[in-house]
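The form predicted on its own is given below as one chain in structure tokens.
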């Protein structure tokens, strides 16, 4: 067997011909030492998710003090724009004086925000009681919605969720019902209550009026996140791939277009077979709009489909440290990477009768001993039909004996034919000697 062309260096720049415009593009080189540009990354988002993601990076940056302080600094600046005094106190504790006096707790600011919040809460409560007395459904709905916004701004997510849900009984149009579902989904994501998401996505999709493109795209993203949380990676991939590129920056309080490409691409790579990968991802002109925003993922998928496994896996390895800092993808990186690697090993061995393990180990940038353990696991799980010659370091495929299978089918057909023929002879003899029909049936 010839060595796979994936044995070339993954960091080598090479020309890539685009099938659509026939222009030559140079591949971007990604190094494992590349550090996440936190400021550029967080600029993709808006609202509370900016703070959540920054705090997640600070907690999961692996002892990188520079990155941690940068994330905390940006989070502090972002919180100062809002009204969540509890979160402000929490982040000041995390900073612990490491950023100087400018990032210490401002008690005057906290007191002012809390006093303002009390006054606003009293006003909202008074207005809502007035609406209830007058029994005006639309005003009551708006009152609960305002309360939900108030609690959300102050970080009381449980109370915000309750108030958003209370608007359900006062929704009079499909637009109101969709707005309620989107608010419930937003808070559920912030609280990490992903099982609630699928329920509210179904409710929004069940409205009588057709959904506009942006709303439909938001619901697909939400469903994708719910499936990702449940480790239903194939369903997650389908939802992200079906998302319309018109989404743009319309859902940045939850997810960016770059995330759609990243989550959808990796989940597809881990679960789709070659045909699905080709038809639903590579040749998908709609999803290609997302992939263009993240060229690394586009190249990963093309490398995998073109059997450049070493290049694909090395690229994945270099991206791993940054992917582990993603608030939604973090718990799934290891699982997705394992599935992608296993698929690569299976597809590499599939066309051959025998494979030299030394050449295969070189193609996958690993040791023969390590490769042998991986293959043993796949053989045990019945994912590869093969056996390993440990002495000569050769993998032998177990292909079906087509000649023997053909003979066995012929013999079985012959036995069936003989049995049917004997049954026909018996019936004709019974009819010849004028046996009754009922008796024939009994026989």
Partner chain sequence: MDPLEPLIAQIQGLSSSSADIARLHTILKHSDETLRSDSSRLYPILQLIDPSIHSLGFLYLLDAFSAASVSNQQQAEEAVPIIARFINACSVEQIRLAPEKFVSVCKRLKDLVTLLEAPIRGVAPMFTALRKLQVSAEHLTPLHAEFLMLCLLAKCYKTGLSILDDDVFEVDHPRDLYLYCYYGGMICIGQKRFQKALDLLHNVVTAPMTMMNAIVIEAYKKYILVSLIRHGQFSTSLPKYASPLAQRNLKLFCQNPCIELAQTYNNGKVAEVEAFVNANAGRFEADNNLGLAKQVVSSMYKRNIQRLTQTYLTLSLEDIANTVHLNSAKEAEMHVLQMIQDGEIYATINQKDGMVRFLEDPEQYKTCEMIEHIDSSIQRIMALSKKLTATDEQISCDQLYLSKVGRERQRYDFDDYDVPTRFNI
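This is a predicted model, so every value here is computed, not measured. Residue numbers count along the first chain shown, from 1. We call the rigid core whatever largest set of C-alpha positions still superposes within 1.5 Å between the two forms.
There is another form of this protein, the form predicted together with the partner chain, and it is not shown here; the text below is about that form.
Residues within 4.5 angstroms of the partner chain in the predicted complex, judged by any non-hydrogen atom, belong to 376-384 and to none of the other stretches in 64-72, 51-59, 38-46, 376-384. For the chain shown alone, residue 372 is a contact residue for the partner chain in the predicted complex, at least one non-hydrogen atom being within 4.5 angstroms. Contact here is defined as any heavy atom lying within 4.5 Å of the partner chain in the predicted complex, and by that definition not a single one of 86, 97 and 121 is a contact residue. In the predicted complex, the residues of 414-428 lying within 4.5 Å of the partner chain by at least one heavy atom are, in order, 414, 417, 418, 419, 421, 422, 423, 424, 425, 426, 427. Once the cores line up, the CA of residue 418 ends up 2 angstroms or more apart between this form and the one not shown. Core-superposed comparison between this form and the one not shown: the C-alpha position of residue 408 differs by no less than 2 Å.
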